[in-house]
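Below, in C-alpha cells: the form predicted alone, a single chain.
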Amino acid sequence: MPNLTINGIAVAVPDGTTILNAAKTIGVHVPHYCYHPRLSIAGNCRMCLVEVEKFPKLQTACSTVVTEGMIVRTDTEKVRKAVTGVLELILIHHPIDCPICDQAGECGLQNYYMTYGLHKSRYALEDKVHKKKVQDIGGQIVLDAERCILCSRCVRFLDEVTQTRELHIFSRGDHSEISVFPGRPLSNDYTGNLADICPVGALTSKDFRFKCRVWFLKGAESICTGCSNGCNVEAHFKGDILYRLKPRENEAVNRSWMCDFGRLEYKKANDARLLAPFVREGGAEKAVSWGALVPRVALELSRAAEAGPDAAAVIASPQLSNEELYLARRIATELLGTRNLAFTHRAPGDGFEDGFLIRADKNPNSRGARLLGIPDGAAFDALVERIAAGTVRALLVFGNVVGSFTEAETAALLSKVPFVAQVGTNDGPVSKVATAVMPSASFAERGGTFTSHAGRVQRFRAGFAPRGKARNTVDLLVELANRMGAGWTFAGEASVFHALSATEAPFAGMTYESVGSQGQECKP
C-alpha cells in the first residue's frame, strides 16, 4: 500500500492505483476527458498531465501508477500551462455552436475552458475543419462529428461493454472523426450510454435533444421500472414533467449503465396519465371528488366481503412498491377476508432478456410481491376463472392492464364483476371499463422500495408532487382501509416499511437507513 503526497497532502492507496484515482480519494480533481472508471485507459486526451518529482516530463495521471514515496503536484504553473495548451489544441477545430448545443450546462469543454482556457483563439474561424453535423447513426444517438474531441470513450464502450464495435475512428490528422460503417448503424440495446459518457456534445440523445436545458432540471434518486433488474437511475424533472432517466452508479446492480428500453420508461410518468378520479355510470364517465369516491369504494368492497369470502377480490400489480403491496395484501386478507388475492404473472413485452441488464420480467417488483405472500401463476389463473364465472361482486385492481389480455378480453372479463375499482397511473384497458377510477402517483411522484429479481431491496424517491388530482398510493390505501374500519395510523411509506420489516421475515431488520442509496439484500 504505497504512501505518496499529492499537492502536499499525504495519502496511502492500494497497489496499482493511478495518480488520478489517488487524487480522487483526497478530493483533488484532475481534469480529464478520455478517462472513464468503467473503461480501459487510453491516455489520449492528455488533459490529466501532472508533475511528478524526479520525472523529467509531465505524466498522464490516468495511466501512471503510484509508487512508494511519490511526490505529485497538480497545481503548478508548469501543469497549468501544459493543460491550457492541450485545451487550446482540442478547441482549434471545435465549432462555436455552444448556444445551440444540447450538452451546454454539462459539457467538459465549457467547464474546463472556464478553469484553464479563457484565451483568444490563434486560429482563424474560416480555417476550421468542418465535418458532418446532426447525423442519425442509429439507436438513441445523434452524432455531431465537428464537436468530437476523439477521446474514444464511445469506441471503447462498444468494444468492451456491448462488444458490438459499431463505432470507429476514420481518417487521419485534422480530418480524423468517429463514425459508423456505411449502412451499419448502432444496433445494440445500450446506445443511450454513449450520450452519457461523451464528455462533449458530439453524441447526444435523440430523445432528449432540445427538450430542456439541463440547468433547469432537478434530480431524484430512483429505480428503473422497465424490468426486474432494478437498475439505479437518476430521474431528471422540471416542474411536474419528467424529462429523462440517466444511470446512477451501483456496482452490485448496473455499474454505470442502463438499457435503451429502460431509458424511455420516463414517458409513462407523462403520457396518458389518469389525473382526476371518476366513476362510470351508464357507460359515461362522471367526475367525482376523492371525498365521495373513497367511501363508496370502501362500502362496495365491504358489502361484497359480507356476502362471502369469494365475493371480493384484489388483483395486485408487480409495478407496486413493497409498501403498497404490503397494504394491498392486508386489505385483502384482514379487511376483506378473501382468498381472491393474486398479482398478474404476465407482463407486457416480448420477454426478451440478454444476460446483462435486461430481464424477461418487465416489472420492477415481482420478487417483492412473492416475498410478501402475494401469489401469481396458478393463483392468478384461478382468480381469473372465478371472475369469469361471475362469483366476484367487487374487485379492487391495481395497474392499467390485467395480465396480457387485450382491451377487448379485459372488458369481457371485467364485465362479469358488478363493481370494479381501479388504482392506476395511466389510462388503459382497465380504466376504460372500471366502475371507479382512482388515479395514483407515478414512480417519479412517490417513494418506496422495490425488490429486484436478485432480492435486492432498493429505494426510489419522489421527485415532485403527484400530477393533477392523483394521489400517493400509500395514502390512498390507508384512507380506504380506515374507511373499512382498519384503524391504521401509517403516515407515509417510511412508517409502512417499518411495519413491514417488523413482520415480514425476508425484510427483517431493514430500515430506510440500512437500505440507503445502494440497496440491501433481503433474507433468503
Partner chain sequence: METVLTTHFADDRYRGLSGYRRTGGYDALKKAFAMTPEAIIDEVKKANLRGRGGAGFPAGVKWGFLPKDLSRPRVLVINADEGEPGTFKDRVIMSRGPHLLIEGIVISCFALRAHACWIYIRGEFVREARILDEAIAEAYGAGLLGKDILGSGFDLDVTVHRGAGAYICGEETSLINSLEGKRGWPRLKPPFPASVGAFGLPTIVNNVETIADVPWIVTHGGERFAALGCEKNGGTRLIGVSGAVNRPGVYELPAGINLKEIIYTYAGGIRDGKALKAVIPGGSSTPVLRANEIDVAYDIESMAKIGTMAGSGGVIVIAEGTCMVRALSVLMNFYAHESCGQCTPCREGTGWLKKIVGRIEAGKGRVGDVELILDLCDNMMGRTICPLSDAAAMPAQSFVWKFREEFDRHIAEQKCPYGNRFL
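Only a predicted model underlies this, so the values are computations on that prediction, with no experimental measurement involved. Residue numbers count along the first chain shown, from 1.
The form predicted together with its partner chain exists for this protein as well; it is not shown, and the discussion that follows is about that form.
Peer 1: Among 398-406, 206-214, 445-453, 167-175, which stretch sits within 4.5 Å of its partner chain in the model of the complex, heavy atoms only?
Peer 2: Only one stretch passes the 4.5 Å heavy-atom test: 167-175.
Peer 1: Would you check, heavy atoms only and a 4.5 Å threshold, whether Val279 touches its partner chain in the model of the complex?
Peer 2: No, no contact at 4.5 Å.
Peer 1: Although its partner chain is absent from this view, report whether Lys57 comes within 4.5 Å of it in the model of the complex, heavy atoms only.
Peer 2: Yes, contact at 4.5 Å.
Peer 1: Give a yes or no for Gly43: in the model of the complex, does one of its heavy atoms lie within 4.5 Å of a heavy atom belonging to its partner chain?
Peer 2: Within the cut-off, so yes.
Peer 1: Is Leu49 close enough to its partner chain in the model of the complex to count, meaning some heavy atom within 4.5 Å?
Peer 2: Within the cut-off, so yes.
Peer 1: Judged by heavy atoms and a 4.5 Å cut-off, are Pro37, Leu39 and Glu251 together in contact with its partner chain in the model of the complex?
Peer 2: Answer is no for this spot.
Peer 1: Please tell me which of Ile92, Ala388, Ile96, Val134 lies within 4.5 Å of its partner chain in the model of the complex, judged by heavy atoms.
Peer 2: The residue from Ile92, Ala388, Ile96, Val134 that makes the contact is Ile92.
Peer 1: Looking at Asn482, Ser495, Ser63, Asn472, which has any heavy atom no more than 4.5 Å from its partner chain in the model of the complex?
Peer 2: The residue from Asn482, Ser495, Ser63, Asn472 that makes the contact is Ser63.
Peer 1: Within 4.5 Å of its partner chain in the model of the complex, which residues of 490-524 have a heavy atom? Give them in sequence order, or say none.
Peer 2: Stretch hits: zero.
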